[in-house]
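Taking the form predicted alone, here's one chain by itself in structure tokens.
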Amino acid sequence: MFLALTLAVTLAGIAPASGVTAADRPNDGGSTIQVTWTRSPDEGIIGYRVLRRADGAVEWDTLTMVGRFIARYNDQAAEDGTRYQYAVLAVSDTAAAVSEPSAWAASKPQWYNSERTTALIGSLIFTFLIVFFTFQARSGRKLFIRRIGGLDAVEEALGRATEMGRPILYVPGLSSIADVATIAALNILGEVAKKTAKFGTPLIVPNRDPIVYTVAREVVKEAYTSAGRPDAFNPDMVFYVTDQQFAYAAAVDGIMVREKPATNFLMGMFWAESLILAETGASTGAVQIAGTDAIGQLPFFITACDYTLIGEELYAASAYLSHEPLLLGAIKGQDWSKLLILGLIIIGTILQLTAGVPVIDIF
């Protein structure tokens, strides 16, 4: 819609808005000009109509109508590099008044968002810590990782299964490969498979997701090759069952009852079937080591399993078992980053409570 105005014309009766300014909105991708003004002092104003004209145009375009208490508008339809001039038409029930036009303004994209400087600094510090500790681990320095009882029991559980001549059952959760918990479960599977290859212990890995099944098979195959036992790898030890949640749970329960594995690993993402799996495994007398970041399922695993990896312990498990420098460096870098964030929170809280400094100004 167009409104032809000569801005020299002001309908009598009310005071116009004043101080109209236009400028490129900072820290954006362009195509936006920020328009501000001082509201009319008249109480009868019902709203403001924002007007715009491009360089060389005669007529003014009506961009929008805003409420009486609004004094800012972002023109997101501007073309980068084109100059625009803005005016504000104050409107009452019976009159209207046009403001003086703003200076010319043009929008342009910015390559850097200065409002995210804090995030940039944090990312650089986080990256530095990971690289630093990775080099520390590669140089032979022993990096401390808190003892995790469930992972310390892996060697013992595998040895028990070997002595009893019974298999190991490994369930990599029921979620897809897009789930972080599934990736963590597959990392742990690789370390467990290396130990089963070393001890000659049968391994059973049922899968619900076809892609997870394919990846799990390659992980186990690579683990057997790394352990120097590629001949011991049997493709049938990793197999696909079904994508139906409770049909899969029933199939795994059947494996537990029939094969009576000495150790059950329940790692990854689980839902309502978690207690069914854990209780069935417990009834067979197997040693059970579970791990998940699903908060709602942790109580069931803690109750029915011998050891449970809680939350981030699941992510740290592969580094804990393998002592791979890159993984250890990532774990230590994350720990120190969390410590740094905690320290900043404490400092900010103290400054807020004692000096009244806004936290947003601190960070």
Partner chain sequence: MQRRLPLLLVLVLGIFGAAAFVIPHPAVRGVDEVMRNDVIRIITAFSLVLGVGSIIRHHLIKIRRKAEHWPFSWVTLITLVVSAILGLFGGIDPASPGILFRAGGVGRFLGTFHIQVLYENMMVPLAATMFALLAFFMASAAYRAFRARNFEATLLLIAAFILMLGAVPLGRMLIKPLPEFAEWILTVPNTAAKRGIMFGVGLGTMATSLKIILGIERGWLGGGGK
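Numbering follows the first chain given and starts at 1. Source: prediction; values computed, not measured.
One more form of this protein, predicted in complex with its partner chain, exists but is not displayed; see below.
In short, of 158-166, 245-253, 144-152, 92-100 it is 245-253 that has heavy atoms within 4.5 Å of its partner chain in the predicted complex.
Within 4.5 Å of any heavy atom of its partner chain in the predicted complex lies no heavy atom of P41.
At the 4.5 Å threshold, heavy atoms of T214 reach its partner chain in the predicted complex. Among residues of the shown chain, A77 is not one whose heavy atoms approach its partner chain to within 4.5 Å in the predicted complex. Within this chain, R72 is remote from the site of its partner chain in the predicted complex, having no heavy atom within 4.5 Å. Note on the partner interface in the predicted complex: the residue among Y48, F300, W37, W60 having a heavy atom within 4.5 angstroms of its partner chain is F300. The listed set A15, I341, A23, L351 contains one residue whose heavy atoms approach its partner chain in the predicted complex to within 4.5 Å, identified as I341. In the predicted complex, its partner chain lies within 4.5 angstroms of at least one heavy atom of each of the following residues of 164-193: V180, I183, N187, in sequence order.
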